[in-house]
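Take a look at this single chain in structure tokens; it is the form predicted alone.
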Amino acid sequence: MNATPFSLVGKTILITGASSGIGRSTAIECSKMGARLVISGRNEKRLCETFRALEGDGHSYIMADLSDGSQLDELVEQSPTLDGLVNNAGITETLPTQFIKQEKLIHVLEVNTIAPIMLTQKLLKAKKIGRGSSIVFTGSISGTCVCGGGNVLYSTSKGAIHGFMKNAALDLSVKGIRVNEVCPGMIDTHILDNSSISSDMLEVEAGRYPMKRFGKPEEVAYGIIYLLSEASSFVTGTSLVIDGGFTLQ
């Protein structure tokens, strides 16, 4: 018998976008809680670094660009029967509304919205997500209640995930499958490294948070572990906000 309802012992969990940031931290923290992990990402070098950082045995990794339909199908085929799925892979694109280009809109939606939705659907169809399983999406407060300059594409993609999560939770409740999301505020990862946002702008943004800092990836990981574990067995269709109080203002 597990000593804590937050234990993941005996659970097999697939985590996408595990090569860095929230996905990497989630994989490492889940391994500490006893989960058997299948991690996926596009950067083999960084994915292997995550793999080597996992505690315990029986883990595996699968290289996949989920915006590529054939690679997504391969990931589904190689995946074992799962107790948990963390749809975390994502990208950002900073662009004002008047400068949106269709190809950029499509690219962001392919990675942030279409890929996680279709991965979920394909795993369900293949009967690789069983009764009592938990599906967790990495959403964002940008997809539910916060707007920012140039954030229109990212916000749109996460807003669509928010709507999908709630409807999927209702659809899958009859199968005993729970569907939730975490909605972080700004987290100190490398997702903005190649964006047009400067370090000075980030410092100003951090000052807008009541706790005067951005979140850490592991602080989001702990929320995801809660939603994967039996501690949240009566929780579905919920957005867990992890934003250091940003949305209180």
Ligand SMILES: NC(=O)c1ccc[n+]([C@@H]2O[C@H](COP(=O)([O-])OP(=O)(O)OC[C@H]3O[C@@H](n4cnc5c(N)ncnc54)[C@H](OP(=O)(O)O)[C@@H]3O)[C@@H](O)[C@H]2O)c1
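All values derive from a computational prediction rather than experimental measurement. Numbering starts at 1 and runs along the sequence shown.
Note that the form predicted together with the named molecule isn't included here; everything after this is about it.
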query: Quick one: of 64, 38, 54, 33, which gets a non-hydrogen atom within 4.5 angstroms of the named molecule in the model of the complex?
result: 64
- request: Scan 117, 100, 146, 91 and let me know which has any heavy atom within 4.5 Å of the named molecule in the model of the complex.
  value: 91
field: residue 134: touches the named molecule in the model of the complex, heavy atom cutoff 4.5 angstroms
entry: no
task: Answer with yes or no whether residue 232 is in contact with the named molecule in the model of the complex, where contact means some heavy atom within 4.5 Å.
output: no
query: Looking at the partner-bound form in the model of the complex, is residue 12 within 4.5 Å of the named molecule by any heavy atom?
result: no
Any non-hydrogen atom of residue 178 within 4.5 angstroms of the named molecule in the model of the complex: no
task: Choose from 78-86, 167-175, 121-129, 135-143 the stretch whose residues reach within 4.5 Å of the named molecule in the model of the complex, heavy atoms counted.
output: 135-143
query: What residues of 6-43, in sequence order, lie within 4.5 Å of the named molecule in the model of the complex by heavy atom?
result: 17, 18, 19, 20, 21, 22, 23, 41, 42, 43
